[in-house]
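What follows is a single chain, given as structure tokens, in the form predicted on its own.
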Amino acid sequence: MAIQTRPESSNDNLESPKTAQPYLEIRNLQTAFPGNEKPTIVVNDVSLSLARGETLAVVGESGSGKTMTFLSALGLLPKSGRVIGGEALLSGRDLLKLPPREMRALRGSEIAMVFQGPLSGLNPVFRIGEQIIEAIRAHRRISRRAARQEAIRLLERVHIPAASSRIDDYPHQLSGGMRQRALIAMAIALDPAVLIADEPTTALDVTVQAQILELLSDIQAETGMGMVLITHDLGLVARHADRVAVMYGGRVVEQGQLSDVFKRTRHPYTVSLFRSIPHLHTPADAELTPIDGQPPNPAELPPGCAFEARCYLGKGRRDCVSAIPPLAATDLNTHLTACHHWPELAGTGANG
């Protein structure tokens, strides 16, 4: 694989993610929406964990269930959606069983989310300072003046220049990168232990993307918070993640340490993702290998593997058509895959 990955032990001050106890643990989560004949399962038996100081990247195409998994855990589903099974444990407390008032108290103070798209995450009719101040005062007994000073400090922390004057700007007066920084300032206002960043660099140019991810990494190094990075950008994953979970059709299909998933891939969907992106040494006129077909409709999933119809390895094979492969350990111990035929990938260098 030509994408250069980050070192496995990127933060020597923190307990190794390989040995640390999970701070956030999602177990067998299932989420459904009403369907024409039966409920549509959009998150199907998803299990993930996050340790202190660790970055977990959750990747996959649009509609794979990445964002919906964490909206489910945080109690932020649209009204028609509901969690029908599983647990979402934060320091041992099941978020799914908490009363709404307790859940609201935890959101922001212990677990926070930076939503996709800085315009949708900020209210356009309120100044950015007011929005940060409101987030602070919702959780802390603090005067408005003190909260304003704290908001200025937060804006400075995320490297917004002239923070004491920009605090009174409306969202439309800021660039996309500055709006994203304001969202991050709001998310870290109460020093959460877990930050979920949902496509935090969407619609930003490459230089600003790098700045935003470096900012998040710096904050993580300072505070030791765990971070979930929801993205489709494998380049960002390679530079910033410790572990990777690949989702497809509402399920986790591969999961493991960054180096294992990138260099010893054990699922054909992950292989296909790698083959569909350009590498550093790809000739300018070279043709990429797109993934055939379209992601499955969650309301019409096949009885077997959801990726079978698009799979170069299992298309038409009887077990792939008829049986859903369980997520299980491979030859690499903590490296998991949901593929009947993963041994055929081992040692082939199939990921590029």
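Note that residue numbering follows the sequence shown and begins at 1. These numbers come from a predicted model, not from an experiment.
As for the form predicted together with a small molecule, it is not shown, yet the points below apply to it.
Screening 323-331, 22-30, 57-65, 300-308 for residues having heavy atoms within 4.5 Å of the small molecule in the predicted complex returns a single hit, 57-65. Taken together, the three residues 114, 235 and 242 lack any non-hydrogen atom within 4.5 angstroms of the small molecule in the predicted complex.
Contact between residue 48 and the small molecule in the predicted complex is not found at the 4.5 Å heavy atom cutoff. Using a 4.5 angstroms threshold between heavy atoms, residue 42 counts as touching the small molecule in the predicted complex. Under a 4.5 angstroms non-hydrogen atom cutoff, the small molecule in the predicted complex has residue 78 among its neighbouring residues.
Though the partner is left out of this view, residue 199 does reach within 4.5 Å of the small molecule in the predicted complex, counting heavy atoms only.
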